[in-house]
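Only one chain is shown below, in structure tokens, and it's the form predicted on its own.
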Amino acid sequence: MAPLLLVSVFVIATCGLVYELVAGTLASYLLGDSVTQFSTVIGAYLSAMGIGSWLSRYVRRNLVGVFAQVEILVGALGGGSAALLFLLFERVEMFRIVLYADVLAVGILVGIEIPLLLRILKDRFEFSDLVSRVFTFDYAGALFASILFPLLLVPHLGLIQTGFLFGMLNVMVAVWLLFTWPDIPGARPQRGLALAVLLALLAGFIHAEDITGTAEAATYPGKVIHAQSTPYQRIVLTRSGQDLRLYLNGNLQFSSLDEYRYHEALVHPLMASLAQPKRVLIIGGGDGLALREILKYTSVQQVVMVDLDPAMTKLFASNPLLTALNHDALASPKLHIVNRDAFVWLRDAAAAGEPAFDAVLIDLPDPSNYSIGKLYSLTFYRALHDLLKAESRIVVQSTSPLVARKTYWCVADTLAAAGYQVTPYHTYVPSFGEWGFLLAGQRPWRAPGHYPTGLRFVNAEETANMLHFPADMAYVEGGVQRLDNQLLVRHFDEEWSAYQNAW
């Protein structure tokens, strides 16, 4: 019996860390700013575990029975947390209170587990041997969970199924004890409760996709036609009539009704200003929509696309609705796709002597967290110099200069600090509002006089309008985004949070 109890330490430690990782990941998906969310969730969870350890002192009898009760409760609450929080996100105004109440409750229950097990096992091992054994299994379980979570659980099960699976493991520990440990007071009703909770968690595991669909139906306008969790993000596609929309981690990336405005504005002021662009680098842009516009230039011989998530490029290269939208651009023989972190790839490409590019388009999500923020940093922009010619140019999508004015000009200040001559411009995209871009190069940019035929939006007159900034979008000092301060991410969070709260 004692060896199996030690194995149960491994199981409950794995479950406990998985609940913590699920809560942190879910908070990042729904609330943004992954560093802040993970820091506060982990801090709250560990503090709650301390409270649970302290409360365990008041359990003075029926230790095994109480431990079994704790396993049932933590399995039910921890296992169902992801599903509950997803369902409540759009339905509860004070969602953060619900989130942290759940984190604290699960943390308190997890904190009770190890002290109770130590007391249950104290007569079976020497004290020093007991402590070393229990904590060895505890830490091994935590390591196992930390490896399993990003590599297998999130990409293959998703957060909701993962929660239900590990909730079942917690309850199975209770079931094993209640059916094998002799003379547990009140064991019979607890057995019935444990089996009922186990069946409920199993039902949740089987119907996790239905639960996710219900939650996302309330979150996103239109019908969800594709939803996928990857190691990097949550990808959701919706459709409402002729409007096809892409969301990454809950943030709108484009609407098919007006994406041409955004992508023509992103691509053509840069590309049309170059004499004969031959090699082009796209950082991000896994939807292939910017690439669609680039391929309108017959001089282009090669395009390298560096996009972190292979699920994105695969989806937009295979789904008929999406290939119709991007004109099957991702199947172009001119394209070479690299699914790597752009920060790492850039360093390695420069070291390997990658030939210089004529144009670089940086079409990344907004800098809502530190992992994306590094791709807007002074270090990143300086590293780009190694892959540019004297006449090369880059363009950066830079969020809204109206809603996030300081954020926008922070990107401009960072590019200038990296040694570029910067030309700011903006345009109106109905799905987003006023949206900003920044052209940069070692030489001044000159507005092109001609554009490819067949464009729906951009022309010479519209380009001139894009260069005008009214007073409410005019320059303000934004500061420089550095890796060690992530000023840009803080600006973004403050400005967009204030805008969303105002509505």
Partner chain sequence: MNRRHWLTSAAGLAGAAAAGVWLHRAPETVPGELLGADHALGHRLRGGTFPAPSETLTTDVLVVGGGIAGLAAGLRLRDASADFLLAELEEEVGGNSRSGANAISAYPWGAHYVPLPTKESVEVRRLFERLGVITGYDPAGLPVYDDYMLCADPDERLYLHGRWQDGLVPLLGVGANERAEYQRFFDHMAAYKALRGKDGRRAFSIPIDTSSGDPELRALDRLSFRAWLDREGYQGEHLRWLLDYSCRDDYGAGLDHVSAWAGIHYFASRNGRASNAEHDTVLTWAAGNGWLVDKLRTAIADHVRTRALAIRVKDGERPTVDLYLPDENRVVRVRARAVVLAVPRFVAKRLLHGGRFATNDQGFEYSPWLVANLSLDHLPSGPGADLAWDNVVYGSAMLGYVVSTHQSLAMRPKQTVITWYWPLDHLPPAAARQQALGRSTEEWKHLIQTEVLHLHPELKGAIRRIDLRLWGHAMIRPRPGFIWGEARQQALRQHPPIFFAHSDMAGISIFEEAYTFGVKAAEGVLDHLGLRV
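Positions refer to the first chain, counted from 1. Remember, it's a predicted structure, so these values are computed and weren't measured experimentally. So that the term is clear: the rigid core is the largest set of C-alpha atoms that superpose within 1.5 Å between two forms.
As for the form predicted in complex with the partner chain, it is not shown, yet the points below apply to it.
Figure note: of the listed segments 66-74, 434-442, 466-474, 38-46, the one touching the partner chain in the predicted bound form, with heavy atoms no more than 4.5 Å away, is 38-46. Interface membership of residue 119, defined by any non-hydrogen atom within 4.5 Å of the partner chain in the predicted bound form, is ruled out. Contact check for residue 374: a heavy atom falls within 4.5 Å of the partner chain in the predicted bound form. When contacts are judged by a 4.5 Å heavy atom cut-off, residue 140 does not count as touching the partner chain in the predicted bound form. In the predicted bound form, the partner chain sits within 4.5 Å of a heavy atom of residue 308. Checked against the partner chain in the predicted bound form, the candidates 203, 324, 94, 275 yield a single residue with a heavy atom inside 4.5 Å, and that residue is 94.
In terms of contact with the partner chain in the predicted bound form, the residue from 370, 297, 144, 135 that brings a heavy atom within 4.5 Å is 370. Along 478-498, a non-hydrogen atom within 4.5 Å of the partner chain in the predicted bound form is carried by 482, 483, 484, 485, 486, 490, in order along the sequence.
Relative to the superposed core, residue 344 undergoes a Cα shift smaller than 2 Å between this form and the one not shown. In this overlay on the rigid core, residue 396 has a C-alpha that sits less than 2 Å away from its partner position between this form and the one not shown.
The two forms, fitted on the rigid core, differ between this form and the one not shown by less than 2 Å at the CA of residue 362. In comparison with the shown form, the Cα-Cα distance of residue 369 and residue 102 increases by at least 3 angstroms in the predicted bound form.
Compared with the form shown, the residue 100-residue 230 C-alpha separation decreases in the predicted bound form, the change being 3 Å or greater.
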